[in-house]
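Let's start with one chain on its own, the form predicted alone, as structure tokens.
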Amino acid sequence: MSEVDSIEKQEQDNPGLKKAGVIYGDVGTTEFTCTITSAKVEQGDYVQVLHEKFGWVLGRIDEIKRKTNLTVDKAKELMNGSDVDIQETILAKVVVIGYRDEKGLLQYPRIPFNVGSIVYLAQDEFIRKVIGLKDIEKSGAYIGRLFKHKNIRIYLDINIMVQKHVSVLAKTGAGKSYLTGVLMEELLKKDVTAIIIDPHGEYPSLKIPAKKTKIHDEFGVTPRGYASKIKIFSPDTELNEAKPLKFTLASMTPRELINLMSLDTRQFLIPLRKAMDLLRTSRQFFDVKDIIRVLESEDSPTLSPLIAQLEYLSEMGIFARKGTRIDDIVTKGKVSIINLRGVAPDIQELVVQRLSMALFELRKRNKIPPLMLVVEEAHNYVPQQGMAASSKILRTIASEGRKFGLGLCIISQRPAKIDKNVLSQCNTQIILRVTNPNDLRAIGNSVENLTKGSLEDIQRLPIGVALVTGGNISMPLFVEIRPRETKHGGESVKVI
């Protein structure tokens, strides 16, 4: 007598089960093939099969195809109007996810299924149990529902997100900014402190409620705005409606300033150091114009390129005698948006570098609350090839920030261009549609337990569906992202 009373009894105890197919051919412990007998079965569906020793086991249809006896010659006959007997069978490859043992641990069956076993469409409660989805509404971020399963909500554990970092990856227009807006809404609701590096000015719309639609009702979401919890800073207050973001030169070394201006260090480092040392001995605060005056007093033609670059920095207005206090930027339970729309790329790198460094040092001393640093277009600030001014500190935060309660969320349309060491440190990964072969390879190398079928699915994902893995999600899941509570600020501009 087997450990399972009988297959017939198990099926009687689950009257809602719907047959999907029958196992045939060679059967392994991690995957098997089956014929599909129901027209409702699709690739990506979850199925369950009764194992004679381990009970019900969950699987996922990774590949589905139609096999026929139609040859080239028969196809020609069909083309000529002849009657042709076509026989066809729908076949599926199922990847075994596993079952929960008596201790609640996820296990793989160590003995293959019996050939001829019936494959059923998996029931929602069984999917929840095996995948390990728990109701963590109080401490979780509600991002949507399991694809094709309207009753299974997906929550990401916010503590794990902050402690072990997050990546959001997608091609242009696939919805990464929309999804990040969903994450920010959840952080705002839970009073989580966050800083958003916003190169395109997309996130101030978190202040504005979205227009209610039927989709909101389907997902149980109510439109609302978060104006009282949002603060916006920008180096360019003329273009962007925001509080000014300024830095002091006192915290910068002459070498950092030379690197920012892309000048020859050997030629200009010594005169710049002399000018800054002279100013430091005579005053507490100084700005770029003060340095220019000291250099001009030297009356040396060789310093003209240095003076010209300093005048460019002065025009950008990023440096001032008194900088923006970090206490003004970081407020417990609120989100500060660093709006860099219209700011030159080299200045953007400087802003990300100085701000990230300040956040890291202050978190080490516990001078500011635990927070999440969200970096849009992360490939520009921590690239795989070459160096950005912000590369070093972002790598440090990726490897050490979790120890001090400084989480990192990187968002990019080019996963292959992000520093691999940073990407590998992101425990929670959310991937929308990606088609570039190099980006797909980077994703395949960084995401655990990702099957070949799932990697191919990423290329064809509809807008609004994401592959989510890591954190409290123990295996890759396709998730239908919920609608935004706030207005989406990243919509494409209509030309006609």
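Keep in mind that this is a model prediction, so the values were computed, not measured. For every residue, the number given is its place in the sequence shown, counted from 1.
Another form, the form predicted in complex with a small molecule, is not on view; read the next lines as being about it.
Could you tell me which stretch in 109 to 117, 164 to 172, 258 to 266, 284 to 292 has residues with non-hydrogen atoms within 4.5 Å of the small molecule in the predicted bound form?
Stretch 164 to 172 is the one.
When the contact criterion is heavy atoms within 4.5 Å, does I463 count as touching the small molecule in the predicted bound form?
I463: contacts the small molecule in the predicted bound form.
Is there any non-hydrogen atom of E202 lying within 4.5 Å of the small molecule in the predicted bound form?
Answer yes; at least one heavy atom of E202 falls within 4.5 Å of the small molecule in the predicted bound form.
Looking in the predicted bound form, any heavy atom of A20 within 4.5 Å of the small molecule?
Contact check for A20: no, nothing within 4.5 Å of the small molecule in the predicted bound form.
Taking the small molecule as it sits in the predicted bound form, is D419 near enough to touch it, meaning that at least one heavy atom pair lies within 4.5 angstroms?
Looking in the predicted bound form, residue contacts with the small molecule do not include D419, since no heavy atom lies within 4.5 Å.
Contacting member of Y99, F404, Y155, Y178, with respect to the small molecule in the predicted bound form [4.5 Å, heavy atom]
Partner contact (heavy atom, 4.5 Å) among the options: Y178.
N380, Q413, Q309, N240 - the one with a heavy atom within 4.5 Å of the small molecule in the predicted bound form:
Here the answer is residue option Q413.
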